[in-house]
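Take a look at this single chain, the form predicted on its own, given in structure tokens.
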């Protein structure tokens, strides 16, 4: 590597380290779950998006193994050429049924869904109106467009309406309102019912990123559109399998016309190798399992309500959380880093979230519940959180 480049990279990394901004990922030595082995020790995991514990489900594992035996280990191609198997089509049909839409298109990840679909849908002269706290994949997708971009304050419906009025005066061909369904840092829920009403009133389209609502909100974990009873009124319902559904891949559910358009225009779909059969089959099994039973979703919410209640009783600030994403607010970046380190020492794996992932002075430990957590897991975690919270003077 060029010496100057090497030195520049090292200097930037050292600066990030000094500000507690450097990621140093831990290595899991076992399956993803409520408990796993890290550095030779069993840890209670509070930082996984595996909301329903499905990543280690015997049903999903069997579906994956059976698919490998029938179809092999990989597809060997992009979807438009020779990478579309009947499994991929079955998954897209299953997604559409689960989400209550005509059809769906399956992407490699939620990130590639957003970074590929948004540029395909928005042309020069169109206008995007986006919540200020939307996920980075939405932000990147928006940056790749030639459309005009405008932001509204987080969940501020008055400002959204003002932006829609402004857009209408410019007479664009297309206005697209984009929002997360569940915001990943605070765990709060977008007022999607009001967003859709305003979009319809002003002739705009709606695009919701339901990554953290999948498997969490709605009947049997069908997501935010079902939660607000908006089936057929949200134009693009985007989500991911890598969280509540326990596998990998993104999707956009909508009309058959939308699917056909995206599979012809979305570069991240057209130019990326397709998912291997094992992943696709496990994803189908995940949706079918949830379609049959809401047992795991109900357990997730029991754990969420109990854990949040106990944190509040101890005096912790859980911010604006309305979902299994439960921040423990420290506000101070160094305290967040200290708390994470001490929790790890005590057998609890939970990560600090600091600037620039959240605003300065809004640092927190972001905990996430799972249906996989037992009462014993949560009792253990609460005990350690209380102990370290007192050490750091976060609670009395």
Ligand SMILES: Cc1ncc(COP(=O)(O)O)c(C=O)c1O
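Just so it is clear, the model here is predicted, and its values are computed rather than measured. Positions refer to the first chain, counted from 1.
One more form of this protein should be noted, the form predicted together with this ligand, which is absent from this view; the next part is about it.
Though the partner is left out of this view, residue 202 does not reach within 4.5 Å of this ligand in the predicted bound form, counting heavy atoms only. Although the partner is absent from this view, residue 255 stays clear of this ligand in the predicted bound form, with no non-hydrogen atom inside 4.5 angstroms. In the predicted bound form, this ligand stays beyond 4.5 Å of every heavy atom belonging to residue 237.
In the predicted bound form, none of the heavy atoms of residue 224 sits within 4.5 Å of a heavy atom of this ligand.
When contacts are defined as a non-hydrogen atom within 4.5 Å, all of 135, 180 and 243 contact this ligand in the predicted bound form.
The candidate stretches are 105-113, 69-77, 284-292, 258-266, and the one lying within 4.5 Å of this ligand in the predicted bound form by heavy atoms is 105-113. In terms of contact with this ligand in the predicted bound form, the residue from 279, 274, 323, 184 that brings a heavy atom within 4.5 Å is 184. Taking a 4.5 Å heavy atom cutoff to this ligand in the predicted bound form, the contacting residues in 209-235 are 209, 211, 212.
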